[in-house]
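A lone chain, given as structure tokens: the form predicted alone.
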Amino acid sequence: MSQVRVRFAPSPTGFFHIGSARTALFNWLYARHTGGTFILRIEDTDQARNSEQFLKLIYDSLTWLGMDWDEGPKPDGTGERGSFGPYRQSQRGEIYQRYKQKLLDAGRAYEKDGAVWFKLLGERYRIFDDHRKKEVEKVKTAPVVIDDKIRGQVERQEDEDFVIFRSDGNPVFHFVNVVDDIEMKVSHIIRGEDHLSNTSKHVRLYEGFGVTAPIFAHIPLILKSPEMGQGKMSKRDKGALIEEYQQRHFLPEALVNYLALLGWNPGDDREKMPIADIIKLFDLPGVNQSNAKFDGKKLSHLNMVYLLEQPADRFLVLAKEYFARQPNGAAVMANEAYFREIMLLAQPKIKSVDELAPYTVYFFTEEYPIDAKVKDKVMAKGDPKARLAELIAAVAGMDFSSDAAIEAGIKSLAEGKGLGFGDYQAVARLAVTGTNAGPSITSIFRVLGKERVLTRLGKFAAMA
């Protein structure tokens, strides 16, 4: 295989969409799989909508996801790397003018109504267009045959000349993309299926320049999950923006793993795959033709699996980074050993780091909320007030040295009353945490300590 050169060409006109991230990932994976080059090219010719803030977001998002680029603007804004720049279309005006002149000189372009049009080759005839309500000029041309590495052989028809420079002097999308891909020696164009309709124009432009077109591979669209409705996932849909996952402290490797499987199959049923394995196995024949459905629950589950497997020290770093951004600093100000113990109790129970604050709030304050629905449910079953009074009496003399010792103490109390462990657990948990979820009640008792447990049990009993 000749040197693979692929490109990701986003526009800095909005937030970073999950579909854009998936397109970037497939290009990056193919470059890494083949030992090729991954180019970042910025399509910033829309002066009205471009934003340096959105440009920085592109750099930051790609970096967070671990997709380093070999050529393109440096993420710190200090220049570029690569020999085929500039890598921002707004800085490539002279190149576009030169290529326009090539077409004009070759008779493959002409001026009309202040714009510049690309001229198709073939017999011309005129026909009345019912949709546009006017007579238009058509060109008899053979269909454009696109040998797409994912879609298979696709035929499309171009039968009208088309604009390549608008009357305001600015080049159109089709023209600049083809010119940039020629200049940057792009070998494979991997992009969304929605761009397939543009490809016949691009092929004709390559022919006009006397250049062989790159290899095309159009990846499937990402559709909304069923609960979101029908159609392509848009930037307005929940879970559609990469920033959401950064803000929720998802693990980037979990998101990359999920995105890789959103339209690509490694050939088996594996879901969790290290990036080295994904790079090794990724190839264009493994990309599906059918559209991929986004599944937020599946992504959250995969993130949870990754969290469970994090070494304790890394999980603690993630937890500290998360709590440092929270308005209440009680958690990060807590004793180091105490904080560590609580976080490692929480690690097997949460799906994402942003669940840590609500999941552990009662460990860091005596003003934790009492869930009214949980309280109604717990207090309506059996005789919880009697169990609470019995528990208070027993805890005073209970061994709190280990979970096993606390469990033995509660079981002994229950057996003495002819009851089960569960008869005490629900009301105990409600009293000391305000809810019905969390680590085991024995772990909660041990970490809080006998004095705090007795205080909380007594306070709850007084108002129950």
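Only a predicted model underlies this, so the values are computations on that prediction, with no experimental measurement involved. Heads up: residue numbers just count along the shown sequence, starting at 1. Rigid core: the largest C-alpha set superposing within 1.5 Å between the two forms.
Form predicted in complex with the RNA: not shown, discussed below.
- When the RNA is considered in the predicted bound form, only one residue from Ala213, Met304, Leu388, Leu120 comes within 4.5 Å through any heavy atom, namely Met304.
- Proximity to the RNA in the predicted bound form, defined as a heavy atom within 4.5 Å, holds among Ile95, Ala115, Leu104, Leu281 only for Ala115.
- Within this chain, Gln246 is remote from the site of the RNA in the predicted bound form, having no heavy atom within 4.5 Å.
- Using a 4.5 Å cutoff between non-hydrogen atoms, Gln425 counts as a contact of the RNA in the predicted bound form.
- Although the partner is absent from this view, Pro439 contacts the RNA in the predicted bound form, with a non-hydrogen atom inside 4.5 angstroms.
- Though the partner is left out of this view, Glu193 does reach within 4.5 Å of the RNA in the predicted bound form, counting heavy atoms only.
- With the partner omitted here, the stretch from 181 to 189, 273 to 281, 159 to 167, 364 to 372 that lies within 4.5 Å of the RNA by heavy atoms in the predicted bound form is 159 to 167.
- Within 4.5 Å of the RNA in the predicted bound form, a heavy atom is found for none of Thr63, Lys149 and Arg325.
- Contacts between stretch 9 to 40 and the RNA, counted in the predicted bound form as any heavy atom lying within 4.5 Å, involve Ser11 alone.
- After superposition on the rigid core, the Cα atom of Tyr59 is displaced by less than 2 Å between the shown form and the other one.
- Core-superposed comparison between the shown form and the other one: the CA of Gly409 exceeds or equals a 2 Å shift.
- After superposition on the rigid core, the Cα atom of Phe38 is displaced by less than 2 Å between the shown form and the other one.
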